Each structure stands twice: as C-alpha cells, then as structure tokens.
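One chain comes next, on its own, written out as structure tokens in the form predicted on its own.
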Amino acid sequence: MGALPVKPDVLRRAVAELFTATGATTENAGLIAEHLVEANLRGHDSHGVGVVPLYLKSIAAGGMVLNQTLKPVADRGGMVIFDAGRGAGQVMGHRAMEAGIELAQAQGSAIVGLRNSHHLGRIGRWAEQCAAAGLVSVHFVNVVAGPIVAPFGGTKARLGTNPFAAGFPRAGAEPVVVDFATSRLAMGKIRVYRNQGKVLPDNALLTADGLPTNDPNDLFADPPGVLVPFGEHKGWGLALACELLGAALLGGETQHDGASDPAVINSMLSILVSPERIGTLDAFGAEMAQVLAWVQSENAEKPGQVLLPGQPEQAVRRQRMDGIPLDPATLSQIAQAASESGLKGLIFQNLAREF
C-alpha cells in the first residue's frame, strides 16, 4: 500500500495535539511539532514524526522530561554551558541557540555547550536557526542510548551515530548547511528502510556476528546488528571527536560502556560566529560566492550535476509542501503508541484509519 500524503499544517497540528495531550505546554508542543515536521519536509523522515513512538516510550519511562527548564551551569563570558536535564531536545536546542545567537551578535562569537538533552532531532535545524540570524555555526553532537556504531576496523558497537553540522548564511539565498551522522546511515534511516520494506545499500550495516547485511531488520534483532562509520577511519575519527567535544568537554554523559537506555540523550558543542560583528561580512560573502560558483562551475555544462550541501533538502521541501508522504507502518506505529499512552481521538489515530 502506498504512502498517505499529509499537508504540513495538518501534520504540525497532529504532533502538537499529541504532545499537548501528553502534558507539554502549548509553546513546547509547538516547537516539537515544528522541528519534527520540518525534518519530514526536508526529506529526513528518519528524524521526522516517525520518532514519536520513541518519544512517548521515553516520556513514560522518565527519560524525556516535558516542560523542562534549561539550566545555565557555567558562564565564562564567551562560553556558556547549559544542562537540559533530559528536556525535550527540540525545546532545549532552540533555547540554547537563542542564547548563543544573542551572545554572538553582541560580541562577535560564542561557544555554547548543551549537555544531557533528550534527542535533539535533526542537527541541521540548529545550523539553520543560526544562519537565519546571520551567523556561521559548527555543531558537534554525541549520542547516548546504547552503543550502535563500530569503530573502523572493528565489528562491535562502541559509540552512537554522533552527528556533525555546520551552517553558512548567504544574503538573498538559502544557507549552505552541512549535516550528517558519522555512521554510514543514521539509525532512524534504517527504521525508514524497514518500514518501507526496502533493502539497505551496501556497507552500512553488520549483523551481530559482524557479517555485512542489507536487511534493515538485522539492526533490530536480538542481539542487534551494528552500524559502521562513513569514510572508514575519517568518519570514525570525527565520531570520536564528537563524543569528546560534544559531551566529555562539557561534563555531559558519554557512551563509555554497553549500557542502553530507552531515552536518546544528546550533548552538543556549538561554535557561533557573526561575520558582521567581527568585520568580515563583505569579504566573507564575496569569497563564499566565488567559492560556490567555482565548485558548481560544471553546472554550466551539466545543470544540477553539482549540488551544494542543503540543496537536496531544499528541493524536497518545495515538493512536499503539498503533502508529506507517510507510510502505513509509520502511521500505525504512532497511532498505537498514542493508544498505549492512554490517548484517544487524536488526528494521528484518525489518519491511520485512512489506510
């Protein structure tokens, strides 16, 4: 059975309704909904509304704390560290970036540490938030939920998918946004492959016995499969840097043993720079324009051959404004999770009945 196209506004209302019913304030539920639906709009269904069952399970287990207050634990002028107390990542991340943006715009740069947040979602969102304020930003993130990625040269899981992101604002154009997990595929993308009944690309997943597999179900087997880093030793090195910079440096939780948790906990180190405030705005804009024109110069002969980071997502967003495709498995999982949480009559449950 094919996917059901759902209007973005309907999907936002559905997510906000669900989290409001679960106990979130209207404002916090709206931030969660906006973030998740934006991930779907940009084609990252792995970080979209499909994570709702995970969130509901985590809330029930005390792993995700709704309506948590961001707590400043260190302020050293140019660097601030916040503890999220396992609050909703979409809320904690937004508030931390707001504070960092204000600081960078005032003094030219800021380092923001956010530790012990529940799942921060699509990290590119935070780079986009900074870019919208005219700031360049870099983000290192670790993931604590149980090891799932093997080191290069190994077959046993040791770290999480530890994403990295960077954003570069452009006057009169969409920002350049680099955003990726340091594993070959993010865990959520394996879930999407499974829900859609598709096989995985090669060299993304190992069975629990360390054998290559294209079956997404192997990741969720008992014992579970193991993801591998992208780019061999290079991706593995960046994954380790994200663990140390994103969490250890901030006093946040690290993935240092085989313990697992129903919650997904992230810590993030963000560096924000204001080209305007440090006096390089004109030079930055001019040089970036020249670099981007040069790297895309092949497009004159082969239009669309070379894309900038973020352009694929922008193209998908334009296409999905008329409807975000939700597969029956994802809708059923959300509706069932809501029912198990004692929620009834929600938009999601009505959508699931349309299949």
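Position 1 is the first residue in the sequence shown; the rest follow in order. As the structure is a computational prediction, the values presented were derived from the model and not from experiment.
There is another form of this protein, the form predicted together with nicotinamide-adenine-dinucleotide (NAD), and it is not shown here; the text below is about that form.
A.B. asks: Out of the stretches listed (23-31, 309-317, 287-295, 56-64), which one is close to nicotinamide-adenine-dinucleotide (NAD) in the model of the complex, meaning heavy atoms within 4.5 Å?
C.D. replies: Of the stretches listed, the one contacting the partner is 309-317.
A.B. asks: Verify the flagged residues Gln68, Phe82 and Arg95 against nicotinamide-adenine-dinucleotide (NAD) in the model of the complex: is each one within 4.5 Å by a non-hydrogen atom?
C.D. replies: No, none of Gln68, Phe82 and Arg95 comes within 4.5 Å of nicotinamide-adenine-dinucleotide (NAD) in the model of the complex.
A.B. asks: If you check Gly167, Gly100, Pro163, Gly246 against nicotinamide-adenine-dinucleotide (NAD) in the model of the complex, which one has a heavy atom within 4.5 Å?
C.D. replies: Only one option qualifies, and that one is Pro163.
A.B. asks: Using heavy atoms only and a 4.5 Å cut-off, determine which of Val273, Leu281, Ala241, Val178 is in contact with nicotinamide-adenine-dinucleotide (NAD) in the model of the complex.
C.D. replies: So the residue touching nicotinamide-adenine-dinucleotide (NAD) in the model of the complex, by this definition, is Val178.
A.B. asks: Verify the contact flag for Asn266: yes if a non-hydrogen atom of it lies within 4.5 Å of a non-hydrogen atom of nicotinamide-adenine-dinucleotide (NAD) in the model of the complex, no if not.
C.D. replies: Within the cut-off, so yes.
A.B. asks: Closest heavy atom of Gly89 to nicotinamide-adenine-dinucleotide (NAD) in the model of the complex, within 4.5 Å or not?
C.D. replies: Gly89 lies outside the contact set for nicotinamide-adenine-dinucleotide (NAD).
A.B. asks: Using a 4.5 Å heavy atom cut-off, state whether Gly252 contacts nicotinamide-adenine-dinucleotide (NAD) in the model of the complex.
C.D. replies: No, Gly252 stays farther than 4.5 Å from nicotinamide-adenine-dinucleotide (NAD) in the model of the complex.
A.B. asks: Would Ile123 count as touching nicotinamide-adenine-dinucleotide (NAD) in the model of the complex under a 4.5 Å heavy atom rule?
C.D. replies: Ile123 belongs to the contact set for nicotinamide-adenine-dinucleotide (NAD).
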